[in-house]
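So this first bit is one chain, no partners, the form predicted alone, shown in structure tokens.
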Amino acid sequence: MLDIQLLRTDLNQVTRKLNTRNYHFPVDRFNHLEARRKKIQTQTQELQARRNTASKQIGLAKSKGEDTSAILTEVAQLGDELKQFQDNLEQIQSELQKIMLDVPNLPHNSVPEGTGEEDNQEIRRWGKIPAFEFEAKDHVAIGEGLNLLDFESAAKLSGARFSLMKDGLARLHRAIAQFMLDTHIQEHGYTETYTPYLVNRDSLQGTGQLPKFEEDLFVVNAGGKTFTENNQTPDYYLIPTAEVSLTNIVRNEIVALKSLPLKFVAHTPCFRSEAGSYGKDTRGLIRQHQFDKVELVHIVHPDESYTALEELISNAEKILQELDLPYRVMTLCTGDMGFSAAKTYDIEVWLPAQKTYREISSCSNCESFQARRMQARFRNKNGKPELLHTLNGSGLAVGRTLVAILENYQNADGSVTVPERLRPYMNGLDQLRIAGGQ
């Protein structure tokens, strides 16, 4: 959430920056509420002053033995008026809060302006794109050809946008996640964390998924409970990413300065309704309702967050380098960034069948945006509470890494070579072949 003081002191500059994010701030509504807030606050202060003066007069009158009934009546009336003004002020503050919860983060000055992905900027490439002496198949044809990837059974069990993996492919999927965890823990200094897959509404509001993106979430109402108009909060939401559970560890906390930075990693399933994406990537593993991801989260001192962003992207890139998968790194433009991000790098891995790069990780610095929503703070060197900065990134999306391996390591006979770095996690298995013939 933005600091509302930025809007109060420099509304034109803030709204201009928000416009570059394809977000049009409700200026008229905000100004109307602000004018009412200022007027009521002034009236409230005047009433408080009048009541304080009258209260002093009661004491003075009593000391002189005078009748205080008229003054007592006046104080009571002032109290009633004051309560009404305070209620009105609380309602206005609530409406301002609703506006602020829908406002995306401001882009960092280094972020290129643009309206969509066509305006993103490539900053580097790594790896050699494979040259096949045969027509490259996509991961669906490869997996089904090996009898290891079964979408028909998954549809019977759950519906569209689910998958069922078997035998060596399931093992490879697990191996990828284990390799990622070991690399981030042993080489990059992250603390492995096992988090809940079900979270409450406050957690999703803290990281910015709620209230704006509720349609993208899966809601779980435990025990068939119903909720009244005044209690609409469902029991739980399935996490769309471990960013939610990891970042909210510091919600409503004041972290000791000496404990910073905090670096967490978790391997979790992720659940997304993919609202608004119908017709996109309906074939295969690219866009599923359920998928696995290894998530990286940094909780840092504000002075260190952009250094941490470079570290974060480097950690994610290391996984692809170890697996010898070609990729490129993009700086997202203002119009293509996620809601909470001030700056984002995307890593896009090469997919031979599509003859293009596809996103496999987003690494973002949210600055104090999430911390303000969560009231996540630390005590600075002067002992004063100050908002933390939070960062998150995929290190990596497990299913999309599996897709990249299947396509980049495919062989003419339909088999798939297992990358060397993953073979220790596969009991030395070096190839995936048709199920039953491995």
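Values in this document were obtained by computation on a predicted structure and should not be read as measured data. Quick note: we count residues from 1 along the sequence shown, nothing fancier. Heads up, when I say rigid core I mean the largest set of C-alphas that superpose within 1.5 Å between the two forms.
Absent from the display: the form predicted in complex with the RNA. The rest refers to it.
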Discussion item. Please determine whether Arg29 contacts the RNA in the predicted bound form, using a 4.5 Å cut-off between heavy atoms.
Written reply: no
Discussion item. Since only the chain is shown here, I'm wondering whether Arg36 would be in contact with the RNA in the predicted bound form (any heavy atom pair within 4.5 Å).
Written reply: no
Worksheet item: Using heavy atoms and a 4.5 Å limit, would one call Ala49 a contact residue for the RNA in the predicted bound form?
Response: yes
Worksheet item: If you check in the predicted bound form, is Arg433 within 4.5 Å of the RNA, heavy atoms only?
Response: no
Worksheet item: What is the one choice in Ile99, Ala136, Ala155, Ile254 with a heavy atom within 4.5 Å of the RNA in the predicted bound form?
Response: Ile254
Worksheet item: Which of Ala141, Val75, Cys270, Val103 has a heavy atom within 4.5 Å of the RNA in the predicted bound form?
Response: Val75
Worksheet item: Looking at the RNA in the predicted bound form, do all three of Lys17, Lys166 and His173 come within 4.5 Å of it through at least one heavy atom?
Response: no
Discussion item. Need the contact residues for 140 to 167: heavy atom within 4.5 Å of the RNA in the predicted bound form, sequence order, or none if there are none.
Written reply: none
Worksheet item: Comparing between this form and the one not shown on the rigid core: C-alpha of Ile40 shifted by 2 Å or more?
Response: no
Worksheet item: Superposing on the rigid core, does the Cα of Val75 end up 2 Å or more away between this form and the one not shown?
Response: yes
